[in-house]
Every structure is written in C-alpha cells, then in structure tokens.
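Next up: a single chain in structure tokens, the form predicted on its own.
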Amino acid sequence: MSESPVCRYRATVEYDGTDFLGYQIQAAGRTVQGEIEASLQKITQSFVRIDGAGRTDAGVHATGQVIAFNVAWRHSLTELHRALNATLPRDIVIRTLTTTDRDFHPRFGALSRTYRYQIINQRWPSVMQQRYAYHIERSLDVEAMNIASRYLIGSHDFASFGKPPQGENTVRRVTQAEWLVEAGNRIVFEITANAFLYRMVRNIVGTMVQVGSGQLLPDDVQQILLAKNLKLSAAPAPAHGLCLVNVTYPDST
C-alpha cells in the first residue's frame, strides 16, 4: 500500500483557557498546543508540530484561534475532524477543519486579530460567568471608556500597554476599540489590530476600568499612550475575561 501524501490542514479552535498555562507548549504544564499535538500523535502515530495564530496567555480563552499542521492522513477530512474531537480533552474543540496551501502560516499570514474582554458590572458576581468575565462591583461609565478608547484607533507606539513578543517593535495598528453594553449587566470590550503586544489588551482594559471608575479622565489615556512608558498604564485586567474570537486572512469573507 502506498503512503498517503502529506497535506497541510487549517483549523479553527475553541478552548476554555482556565486550566491551561497558555496556548504555547512549555517544558512542563498543560497547554493548548501540547494537548492538540498529543491528540494528533495518538491519531497518526507520528509527531506533528502545529502552528498557531496567537500565543494566548494562561487563563485566556479562544473561540477563533487558528492553527495549521502537516500530516499524512489516508482517510477523509471528516474522519480526521471527528478523530481529533474524539481524542481531545473536553476543554478544547476543533470547530472547523479544511485543507490549505502548503505555505499557509496562521500567525504570519494573518491580517488582523480580534479579542473580546467581558466584565460583569453588578453588585454580586455571576456564578455562571465567573470563568469568563471579570466581576466589578462599582458602576462603570461606559461612555467615558469609549471616549478614551478612541485614542487607540490607528497606528501608534503601544509601549505603554505591553511588550513585544519578539524584537523591539511596539507599533501596532488598531482598527476597532469599543465598549458595548449587553444584557445582564455585561460590558464587553472589542478590539481589533494587526497584531498585539504581550498583555496589551489586558493592560488596556485595566486602564479603561480606571477611566470608567473615575480614577482617570479619558484624555489621560492619550497622555499614557504618548508617553510610551509601561509603568504608566494600570495593572492588567484578569486573564479569565479575555477571549480571542477571530483571526482574519486575505481569503476571509
């Protein structure tokens, strides 16, 4: 029997980040990448390295993480999809699976990434949301937070809000940054950029919460941004409120 040709696959992954040390594989500890690679090895009986669009931190969730990998698989695409979800732990699921070009890379080929950060703004915590939303008892001024968020739109040096994962470039292009009020006292921050610095979204959210609670004025955010000093932004908001929801590519519709 001839060997199956090696194909490159592209998948959209959803995971609950609560019990992971992050997406990227580490020497010790449970990671999203480690679990998916273990599942692929079990299915194919060979080591398979996966590439990811974003290296989410410990406790951060995803509904739209994108991965790619090369593997020789003699059965159908549907059977590979089914086998992956049958062997993965319950806190990871492969939402979509397709074949793709051999040169596709989910990180370097991405045009933008979108994150959502959820806050429950009410007196008592929500038991059902405690793994996915940051509880803040004090009422927040969402209008002021939106005014402050407008200063983030465009290409800026975001050194005041994060560190580069590689190199020294801290310039990023933000195309969306807005706060939305949803049902059940939920406030959601949506931000889209070509790329993000390490802890950039969480540092921005922490600073915006200070605006919403009256500790900072909206104009203070502009001054923090221009200062290019990480010490001036607020402490990062908790990881569990953050979720990677979408990654776009040139072929996205």
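For clarity, every value in this text was computed on a predicted model and none was experimentally measured. Residue indices: 1-based, along the sequence shown.
This protein has a second form, the form predicted together with another copy of the chain, left out of what is shown; the following refers to that one.
- Taking the partner from the other structure, another copy of the chain in the predicted complex has a heavy atom within 4.5 Å of a heavy atom of D91.
- Though the partner is left out of this view, H61 does reach within 4.5 Å of another copy of the chain in the predicted complex, counting heavy atoms only.
- By the criterion of a heavy atom within 4.5 Å, F108 is excluded from the residues contacting another copy of the chain in the predicted complex.
- Proximity of R74 to another copy of the chain in the predicted complex: non-hydrogen atoms within 4.5 Å are absent; the residue sits far from the partner.
- Picking from 160-168, 147-155, 175-183, 76-84 the stretch near another copy of the chain in the predicted complex, with a 4.5 Å limit on heavy atoms, gives 76-84.
- Counting a residue when any of its non-hydrogen atoms is within 4.5 Å of another copy of the chain in the predicted complex, there are no hits in 193-210.
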